[in-house]
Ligand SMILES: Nc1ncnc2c1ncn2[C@@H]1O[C@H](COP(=O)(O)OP(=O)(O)OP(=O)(O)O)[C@@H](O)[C@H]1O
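Shown next as structure tokens: one chain only, the form predicted alone.
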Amino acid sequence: MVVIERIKTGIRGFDNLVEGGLPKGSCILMSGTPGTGKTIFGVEFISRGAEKFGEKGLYISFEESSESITEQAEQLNLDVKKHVSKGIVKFLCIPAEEISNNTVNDIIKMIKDERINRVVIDSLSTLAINSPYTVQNPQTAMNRFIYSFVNSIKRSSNVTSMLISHTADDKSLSKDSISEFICDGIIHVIYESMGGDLSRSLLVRKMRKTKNDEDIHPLEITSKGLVVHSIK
């Protein structure tokens, strides 16, 4: 019997949905419309890894500044500044207009050189759209770029990655329509205008090497982080 080594996210209620944690080395697509909590999920994934398990984390954003992300973390009582000062966590913010042919290689090199255990890319959508490779033949080049990037991440030793993808509606899993097939798992978050604290919900659409829960679960953003509620 093959024993799957797992990476616990540390997010309350989530790890129970995937047999105790994400398979180590897996590449997970985190998808949803704006305001669903994707960035918060990614930040907490990095922060809990450092806080509870001493794992090195890298959060790369092409959309927000490190100050903005840190502020969001502090609102959830996640002390990311402490982890940054100790060198366990690093935030790298690259403006979209500065994405170049070397960006992907630089990311992969940093993951390997610094022996990163957890990485979040926020977002795969922005990285792909602004890649210099997509200028000539946009859709074909974007598909090739995403395929190459995801596989490069997978080949990086021991890193468990989370790629955030923005969607236009709750039915789509990604803006590019290809990353959901390449990634090992999909976490899909939905926002419904019902009012109250439980307007968000989370569904694990797939998870390779794992029997995942297939139900839709309420997702709550609290002052102490995210909570994925049981429906039983």
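Note that residue numbering begins at 1 and tracks the sequence as displayed. Given the structure is predicted, the values throughout are model-derived calculations rather than measurements.
Omitted here: the form predicted together with the named molecule. The next part is about that form.
At a distance of at most 4.5 angstroms from the named molecule in the predicted complex, none of the three residues Ser26, Ile28 and Ser157 contributes a non-hydrogen atom. Contact with the named molecule, judged by heavy atoms within 4.5 Å in the predicted complex, is confined among 47-55, 202-210, 179-187, 31-39 to 31-39. Contact annotation: Gln75 falls within 4.5 Å of the named molecule in the predicted complex, judged by heavy atom distances. When contacts are judged by a 4.5 Å heavy atom cut-off, Ile221 counts as touching the named molecule in the predicted complex.
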